[in-house]
Every structure is written in C-alpha cells, then in structure tokens.
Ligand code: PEP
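Next up: a single chain in structure tokens, the form predicted alone.
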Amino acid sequence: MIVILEPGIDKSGAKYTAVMNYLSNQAGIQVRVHEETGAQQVLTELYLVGDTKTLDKEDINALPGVERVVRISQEYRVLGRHKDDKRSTHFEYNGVTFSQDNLHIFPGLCAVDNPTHVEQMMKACQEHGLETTRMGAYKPRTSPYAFQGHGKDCLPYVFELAGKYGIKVIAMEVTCEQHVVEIQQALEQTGNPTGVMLQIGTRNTQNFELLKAVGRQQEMPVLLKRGFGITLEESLNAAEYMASEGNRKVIFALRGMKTNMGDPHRNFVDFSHVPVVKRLTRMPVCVDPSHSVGSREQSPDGLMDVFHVTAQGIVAGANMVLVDFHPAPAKALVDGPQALLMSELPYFLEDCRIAREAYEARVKNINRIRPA
C-alpha cells in the first residue's frame, strides 16, 4: 500500500505527525518514507510494507494530510503501475526531465581513453544541441587482463570538460559502492560542473548489495541494464531493489539478450519489450543499440544495423538511447568495432528524429479511436 500525502506537507507539522502516529501503531507494518523534489514542490509518499490487507483504505484516506491511498496487488510496488495510480512517470535531474513521454540521446565513449577524445565528443554533443552523453570510467570486462577503465583518475577532466561544453548528465557505469563515492567526491572537487547518471551494467543486474547501496543515495539517477541471461521480471525486480531503498529516479535499459539465436548480432535484440516495461512500470525506458548489435554492419539499403534497431526502439516508444561513438574507433580501448564515427552523428540524430516523429504519429492516430 502507498499513502500519498498532500504536496509540500510539513514533516514537523501536526498533519504529518498524526499520519505517522496512526501508521506506526498498526501491527506488522513498516513505513518507508520517500520524497520526490520537483521544480515547485516536494511530494512525500509512504510505502507500507507488511500485511497491508488488514488495513482499512478509507480510514487512512480520512487522515489529515493524506491526498490518496493506492492499494497494491502486483509486483513492483514502488515503480509499478497500479489501479487508480496517478503517480508521475517522470523525474528531473540537473535541469533535465526524464519521462515516459520524451526522448534523450546519450552518444559517447564506451570507455574514456584520453582528454582529447573526451573533449571532441563533448564538443560534438554541444554542436548538435545535446546536453547528455555517456562516458565509461569503470569497465567490467570478461577477461581480467582486458582494460578495466581509467577509474577515478579520469573523473576530474571528464567532469570539467562536461561543464565547459554544457553537458548536464553523463551516464557512467559503476561496479561497486566505492565507485559511487569516488564520483561524488570528484563532482564536489570540480565544483559540480555536471551531473552523473549511475549505470548498473548487465553483469551486475542481480548484485543486490550494489543495487541497495545505489538506491540509498537519492541524488543521482540510475540507469539499470537488463540482465543478459535472466527474465524481464527478474530484471524489473532488480530495479525495485533500488526504489525500495528510496531512489525512484530509475531508467530501465534494454541491451539485448545473450543467446545464439541472436546471431549474427552480438545479442538478441529485445526492443519489443519497450512498451511492455512502460505498461508494467512508471520507468522511462532506454535502448542500447551498440551492445545489442555489436558491429557496424549495414543492410543493402545502406543503413547500419545499429540505425535500424535504434529506430525500432524509438518507434516502440523508447525514451533514451545509449549509443557508442568515438573520434577514432580503431584506437578505442573498448568496443571500437561497434562505435559510430563522429561524422555519422548528425545522420544518426536525424534518423532518431524521424523515428520519434513516427512514434508520435502512431500515438496520435490511435488516440482518434480511443475512448476519452
């Protein structure tokens, strides 16, 4: 059960105290407080954990300061969509709105290699009106002898260059709680010139202690990639781990499934699940065409497979695209063969615009026959 309080309720006031006193006296019920800070007000939601079937919804609804009560009968208690649930499907971070109703493109380096390439990428994003990018400082690899990323050593210049070129959000993978601390420290030391969206990679989708640690910090949003060899339900529950700890600013990323049935692509493209995730949850949905396809192969029509699957995800309603670009793919330290060229960025962005326009036209078309 979720108890949604009046916007801007005073947590030291009589109304809030009355609600908390009532709920704390209910046997077997734990109360978790979650706050969402918007542009104009703070929304407070109370998540009731335990045997909530015995609670009277109308009694709680009648308490002072309660706006409405949502009874949950499905999985994904915090992030899920529930009957009569009017909670938002968006959040704001560092001046950027992430929603199930818009689209952001995150082109960038799968792995940071040197300041020159980072600056070239940031500058290209600025020139094309983008405020978002991806930069890999920490890189979990299959082989222990492969390049693992420059780690905290590259963070200061990455963040300073982001500030120089107006990049507001950088998607950056972390593999342990210490990486989160290092990112926070580097942001503070450089004067917070940008923001970071913490990325949980496919290998860590069920690293539950990491999920809980990332969920406990509520400042930075999180991009959770679907596990490459587990069910969608298991991956969505991984997102719920973070939300249950307090961080609802979660974006769910589809990045392909590991199976030989996907050959010749690197992974079996699972972008048909974009509308499924949007139906089941309130999370914006990201697609990662680079790690799904894993190459620069192109069709007879001249379009690369990366372009094709990106369009498929966007036409299905994706809200974010995480894609590899590199100024010199042959010199890239990680995943160079799948990286797009800087000269291809304007064509990729235009292709994304065309696909988004198609999605919006499809929605407009179906709304002509939907009941009001």
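All figures in this text were calculated on a predicted structure; none of them were measured in a lab. Note that residue numbering follows the sequence shown and begins at 1.
The next section is about a form of this same protein that is not shown, the form predicted together with ligand PEP.
- Proximity to ligand PEP in the predicted complex, defined as a heavy atom within 4.5 Å, holds among 314, 339, 306, 322 only for 322.
- A heavy atom within 4.5 Å of ligand PEP in the predicted complex is found for one listed residue only; from 164, 81, 203, 152, this is 203.
- Contact with ligand PEP in the predicted complex, judged as any non-hydrogen atom within 4.5 angstroms, is confined among 194-202, 120-128, 242-250, 176-184 to 194-202.
- Ligand PEP in the predicted complex is approached by residue 110, whose closest heavy atom lies within 4.5 angstroms of it.
- Among heavy atoms of residue 77, none comes within 4.5 Å of ligand PEP in the predicted complex.
- In the predicted complex, none of the heavy atoms of residue 282 sits within 4.5 Å of a heavy atom of ligand PEP.
- In the predicted complex, ligand PEP sits within 4.5 Å of a heavy atom belonging to residue 255.
- Using a 4.5 Å cut-off on any heavy atom, the one residue of 136-164 that reaches ligand PEP in the predicted complex is 139.
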